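Before any questions on how it binds or moves, here is one chain, the form predicted alone, in structure tokens.
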């Protein structure tokens, strides 16, 4: 039996508001313990606004979910910084910081926060520094392994006595990199500033395959993701020993079924193709059975 908590990560794709309404209603009725809301990828994506996120947050909180507001992974303008500062002044919300600028804003407000997977924390010393600024949970960067997690926790414990929760990205397309360029707009021969939110026509991203037909990457606006779904479904025992929370990153409604699996409800689930290499400290696109 797994004693892992499960989280539903921020929606990384651009879905229209009615679809998001239906999605978060289903999340509210799921067994997820934690739900991350907010635009994590691109500041131009405004099909849903801050008021929508607050409305979903209220619905989720009534269903006993811990709600976290996730912030942009790539802050590109003074306007985005100002919007971030206004958002962080909402002291009723817990925030996931995905840019170090967000950590600075939250620490100056003396607010506890979560370190998102887009921030490069690779050792216990750095994690201890952030803990002293107010970090309460660390979401491990997706490219790190179980061995790395074990060593980092040991180093952290030797340096800092502040409590820390550990969360591992456990299911979904891996967010690998962010760029100032928008790959989806470029694919459609559009300028980034006149993209017409073309991402909404690709609600599961754009697949990029190698010349031999292997699924290599998924393009999602300025974000490059893995071409196949990362899945630690067969690593629940180890996850339960090393981490507190397993994150499910959704690209379709059916992905919520994995919440039950990672909570130890023993649903028989496995995708036709999946990858888990990073967890085993090998190339990420490989699979260890």
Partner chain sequence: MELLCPAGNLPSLRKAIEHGADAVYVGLNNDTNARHFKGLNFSDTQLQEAVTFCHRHQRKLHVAINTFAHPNQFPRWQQAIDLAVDKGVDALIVADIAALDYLSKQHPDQEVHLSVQASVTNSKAIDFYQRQFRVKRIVLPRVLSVQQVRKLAANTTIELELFAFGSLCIMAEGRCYLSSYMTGESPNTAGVCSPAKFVRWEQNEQTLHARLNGVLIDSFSADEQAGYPTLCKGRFEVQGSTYHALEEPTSLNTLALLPELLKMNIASVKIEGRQRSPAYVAQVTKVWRQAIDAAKHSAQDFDVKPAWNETLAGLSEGQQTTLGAYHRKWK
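Residue numbers count along the first chain shown, from 1. Everything numeric in this text was worked out from a predicted model, so none of it was measured.
Keep in mind that the form predicted in complex with the partner chain is missing from the display, and what follows is about it.
Remark: all three candidate residues (99, 181 and 219) come within 4.5 Å of the partner chain in the predicted bound form, counting heavy atoms only. Interface residue remark: residue 287 is not counted as part of the site for the partner chain in the predicted bound form, having no heavy atom within 4.5 Å.
Proximity of residue 88 to the partner chain in the predicted bound form: non-hydrogen atoms within 4.5 Å are absent; the residue sits far from the partner. Under a 4.5 angstroms non-hydrogen atom cutoff, the partner chain in the predicted bound form lacks residue 163 among its neighbouring residues. Taking non-hydrogen atoms only, residue 108 approaches the partner chain to within 4.5 angstroms in the predicted bound form. Contact with the partner chain in the predicted bound form, judged as any non-hydrogen atom within 4.5 angstroms, is confined among 28 to 36, 224 to 232, 244 to 252, 51 to 59 to 224 to 232. If you take 121 to 157 and check each residue for a heavy atom within 4.5 Å of the partner chain in the predicted bound form, you get 122, 123, 125, 126, 129, 130, 133, 141, 142, 143, 144, 148, 151, 152, 155, in sequence order.
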